[in-house]
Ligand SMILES: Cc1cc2nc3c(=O)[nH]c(=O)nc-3n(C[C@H](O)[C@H](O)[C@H](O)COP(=O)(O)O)c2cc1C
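Consider the single chain below, provided in structure tokens and representing the form predicted on its own.
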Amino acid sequence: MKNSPLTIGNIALSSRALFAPMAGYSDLGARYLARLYGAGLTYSEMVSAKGLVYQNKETQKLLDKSEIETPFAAQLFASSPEYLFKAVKLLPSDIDIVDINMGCPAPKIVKNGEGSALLKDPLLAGELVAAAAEASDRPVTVKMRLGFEMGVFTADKVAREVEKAGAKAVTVHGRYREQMYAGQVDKDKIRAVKESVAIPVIANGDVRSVKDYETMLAATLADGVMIGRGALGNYKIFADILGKKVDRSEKENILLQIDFLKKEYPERIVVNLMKSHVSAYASGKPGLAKEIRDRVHHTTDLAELLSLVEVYFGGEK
């Protein structure tokens, strides 16, 4: 089962391992590496439905995708079915799936009734899915957490409502909003969601290796696994899951990411984007990680960043 196909609506995926949407991390370069290594689906960073409706240029830019990102999902956040309907109508034609964020724990999102705040209102969650499904014939999916308040499990109720409204899959991050990213994911609760609906359920949280991936599938009975932080600086996890050997060093991966971003953005943006990514690669060097992160944080130009990459990652293969 672990390598068998996964279909979301009418969209067939090449792998059950998906690369998560992460604000500030799942940019074009990161998604390019994830797809290069075999991720079955990539998502845009979180996109404001209102931002799209008001034609905000920075918001629209988040929907840019690379040539190898097919299929590709746009993740939207909203609390108004009306705005979501209008936003979906405005999506570019090369967007294959519409994903609605019902899991973001950030206070600035939650205070507007968006993201994980929707876990307190299953009926509104269903109305949002219905609006998105009415606006387009693309499959609509939802990403959620277990619930808003610690221990108050609502994901099963929300999953049933969004399924009834037309959702073709749900992704469940196995933590409550109050936990943010602390503690361990609750696989039993993800399994409870899986058992409550007939649509595919994708499990998310704390997957950093093939063993973690296999354990998650077995424990939750999920149809797929979404990998986020565990893939940053470790994109080969997608190839490992597929049983494909790729002989490419960390330095080569970093340079591939930089070269790709250089085709899309000015140098200053490339440097700013890569600071967090090089810091993620540094996690593989426990004795040097803090030093690398400190030096990268103070980097001001691309030449300096490339020099640091050579110093810290140049001797590897």
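These figures come from a predicted structure and were not determined experimentally. Counting begins at 1, following the sequence as shown.
Same protein, other form: the form predicted together with the ligand, not shown, and the subject of what follows.
Asks: By the heavy atom within 4.5 Å rule, which residue out of 126, 139, 224, 205 makes contact with the ligand in the predicted complex?
Replies: Looking at 126, 139, 224, 205 one by one, just 205 meets the 4.5 Å heavy-atom criterion.
Asks: Work out which of 166, 122, 81, 228 lies within 4.5 Å of the ligand in the predicted complex, going by heavy atoms.
Replies: Answer to the contact question: 228.
Asks: Could you confirm whether residue 69 comes within 4.5 Å of the ligand in the predicted complex, counting heavy atoms only?
Replies: Because no heavy atom of residue 69 falls inside 4.5 Å of the ligand in the predicted complex, the answer is no.
Asks: Would you check, heavy atoms only and a 4.5 Å threshold, whether residue 306 touches the ligand in the predicted complex?
Replies: Taking the distances in the predicted complex, the answer for residue 306 is no, it never comes within 4.5 Å of the ligand.
Asks: Does residue 173 reach the ligand in the predicted complex, with heavy atoms at most 4.5 Å apart?
Replies: Yes, residue 173 lies within 4.5 Å of the ligand in the predicted complex.
Asks: Wondering, does residue 12 line up within 4.5 Å of the ligand in the predicted complex on heavy atoms?
Replies: Looking in the predicted complex, residue contacts with the ligand do not include residue 12, since no heavy atom lies within 4.5 Å.
Asks: Would you confirm whether the three residues 32, 265 and 274 all fall within 4.5 Å of the ligand in the predicted complex, going by non-hydrogen atoms?
Replies: Contact check failed for every one of 32, 265 and 274.
Asks: Looking at 173-181, 89-97, 240-248, 147-155, which stretch has residues with any non-hydrogen atom within 4.5 Å of the ligand in the predicted complex?
Replies: In the other structure, the partner sits against 173-181.
Asks: Going through 22-48 from first to last, which residues have a non-hydrogen atom within 4.5 Å of the ligand in the predicted complex?
Replies: If the 4.5 Å heavy-atom criterion is applied to the ligand in the predicted complex, 22-48 yields 22, 23, 25, 45, 46.
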